[in-house]
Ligand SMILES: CC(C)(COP(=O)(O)OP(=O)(O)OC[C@H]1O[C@@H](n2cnc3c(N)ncnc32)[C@H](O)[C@@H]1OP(=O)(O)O)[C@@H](O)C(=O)NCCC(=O)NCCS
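Single chain ahead, written as structure tokens, the form predicted alone.
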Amino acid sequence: MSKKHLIVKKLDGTNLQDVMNLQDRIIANLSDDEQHFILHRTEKDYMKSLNGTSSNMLGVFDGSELIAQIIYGLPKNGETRDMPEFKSNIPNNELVIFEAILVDPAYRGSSLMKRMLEHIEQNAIDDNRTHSIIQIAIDNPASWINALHHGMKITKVDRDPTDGVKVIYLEKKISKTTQNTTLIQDNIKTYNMYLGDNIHKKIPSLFLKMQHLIQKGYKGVTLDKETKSLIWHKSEEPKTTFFDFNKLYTNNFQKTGTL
């Protein structure tokens, strides 16, 4: 495990065995209650993305060994896309859809997920894509926390319509106009959701709290490591002060006899 010569590249059919080996290594290191984090894909499943057009795969190699991979979609208008229940108002050809992300356990904490997302988004921007989206199981906090660190925001919390699993939906604007730009907003209301040291114990209640906050107009924006809290923001309409000019006119005339 060198971590010195990491190479990011798009995968194709010649990498099938690399992909299967990585999946097997990861599954072998999961505890029983973590097994459901990963959809156990077959060679046939992976080939749809390795040789795909709308569905693609990116990988990170340490030397000759594949240590991380991601399936992502670049859907075209008119075709059925994954996650149609989320951001349906955005045309297919403006979306990047992040799907299965796998990282070798020995390389966790190396920001490989962030590195892959950034690589894909930069190329997607050149293709005039404007939004990236992802769906993550709520009981996989390591992944949705990484997505928050990447700049994505939680804007929907629901059950997956296909299997009923509790999931978090995150999104990020990636158009050229949003790159390298810091947006300063006034009238932001903040809510700190304490996560504590063991997030997994709080998952059932977190799901309901997150749904409630989103219904109130909040978005999950970042994790504060110092307070161990998930920070939520809500944009409020600026307050406007209305003057009764007729009353002002009358009061001024009564006091001074002039305007």
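Residue positions are given as counts along the sequence shown, with the first one as 1. No experiment lies behind these values; they were computed from the predicted model shown.
One more form of this protein, predicted in complex with the ligand, exists but is not displayed; see below.
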Original post:
Pick from 86 to 94, 118 to 126, 151 to 159, 137 to 145: which stretch has a heavy atom within 4.5 Å of the ligand in the model of the complex?
Top reply: 137 to 145
Subject >> Partner proximity in the model of the complex: residue 109 to the ligand, non-hydrogen atom cutoff 4.5 Å >> reply: yes
Original post:
Hey, in the model of the complex, is residue 102 touching the ligand, heavy atoms inside 4.5 Å?
Top reply: yes
Original post:
Is there a heavy atom of residue 231 lying 4.5 Å or less from a heavy atom of the ligand in the model of the complex?
Top reply: no
Original post:
Taking 4.5 angstroms as the cut-off for heavy atoms, does residue 167 touch the ligand in the model of the complex?
Top reply: no
Original post:
What is the one choice in 133, 74, 174, 113 with a heavy atom within 4.5 Å of the ligand in the model of the complex?
Top reply: 113
**OP:** Tell me, out of 40, 200, 216, 44, which residue has a non-hydrogen atom within 4.5 angstroms of the ligand in the model of the complex.
**Re:** 200
